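Let's start with one chain on its own, the form predicted on its own, as structure tokens.
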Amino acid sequence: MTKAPSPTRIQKKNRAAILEAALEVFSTHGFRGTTVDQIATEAGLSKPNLLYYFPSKEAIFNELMSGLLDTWLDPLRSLDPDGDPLQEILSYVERKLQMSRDFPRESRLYANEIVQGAPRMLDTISNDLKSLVEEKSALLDSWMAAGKINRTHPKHLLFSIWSLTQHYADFDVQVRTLMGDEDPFDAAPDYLETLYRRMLTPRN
């Protein structure tokens, strides 16, 4: 079988430009509010040129989400069963908060999809994400049963971490307006560490 030729430098550049433009437009307008023309304009390409690389808006979105989910789930996958339980959770909170700081558009893109009922991601949520959450919830539960962290509902613990970290990206305008001149990420790490440390440290 003949091997497909490797993409040229300009093809790689255009493909990257399309994905970067799509991230900007999708995260602002959501899937339904985005058009191929908007993405092409943002990327500085003609619509026919864009369609040479991606046959549809759906194809662009699916590629973006595939890469996003891998990045988004890596911190949860990294919870180490052999590590110190409290430190593993605090490190997870720290990484999730840092991702909200570094990847706000990606967070809003994911949030928009979920708010719309996850029509393009329901299979992934029902399978890949669900199995990972079940695995890590069992790990959290085992730490609780061993008295290494305080007893709480493991899935609600994960939900609260997602909520308290991703809020800074998904509600960026509101947060920054209410914080005024103070960068919300200056105090957030200490606040969240204190919150979860107090909540999860076993009582003597």
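Residue numbers run from 1 along the displayed sequence. All values reported here derive from a predicted model rather than from experimental measurement.
There is another form of the same protein, the form predicted together with another copy of the chain; it is not shown, and what comes next is about it.
Asks: Are all three residues 152, 159 and 203 in contact with another copy of the chain in the predicted complex, where contact means a non-hydrogen atom within 4.5 Å?
Replies: Looking in the predicted complex, the three residues 152, 159 and 203 all sit within 4.5 Å of another copy of the chain (heavy atoms).
Asks: Is residue 134 close enough to touch another copy of the chain in the predicted complex, meaning at least one heavy atom pair within 4.5 Å?
Replies: Yes, residue 134 is a contact residue.
Asks: Using a 4.5 angstroms cut-off on non-hydrogen atoms, would residue 112 count as touching another copy of the chain in the predicted complex?
Replies: The answer is yes: residue 112 has a heavy atom within 4.5 Å of another copy of the chain.
Asks: Even though the partner isn't displayed, in the predicted complex is residue 145 close enough to another copy of the chain, meaning a heavy atom within 4.5 Å?
Replies: Flag for residue 145 set to no.
Asks: Using 4.5 Å between non-hydrogen atoms, is residue 166 touching another copy of the chain in the predicted complex?
Replies: Contact with another copy of the chain, yes.
Asks: Could you spot which one of 67, 44, 55, 33 gets a heavy atom to within 4.5 Å of another copy of the chain in the predicted complex?
Replies: Selected option: 33.
Asks: Going by heavy atoms, what in 159 to 189 lies within 4.5 angstroms of another copy of the chain in the predicted complex?
Replies: Result: 159, 160, 162, 163, 164, 166, 167, 168, 170, 171, 173, 174, 175, 177, 178, 179, 180, 182, 184, 187, 188.
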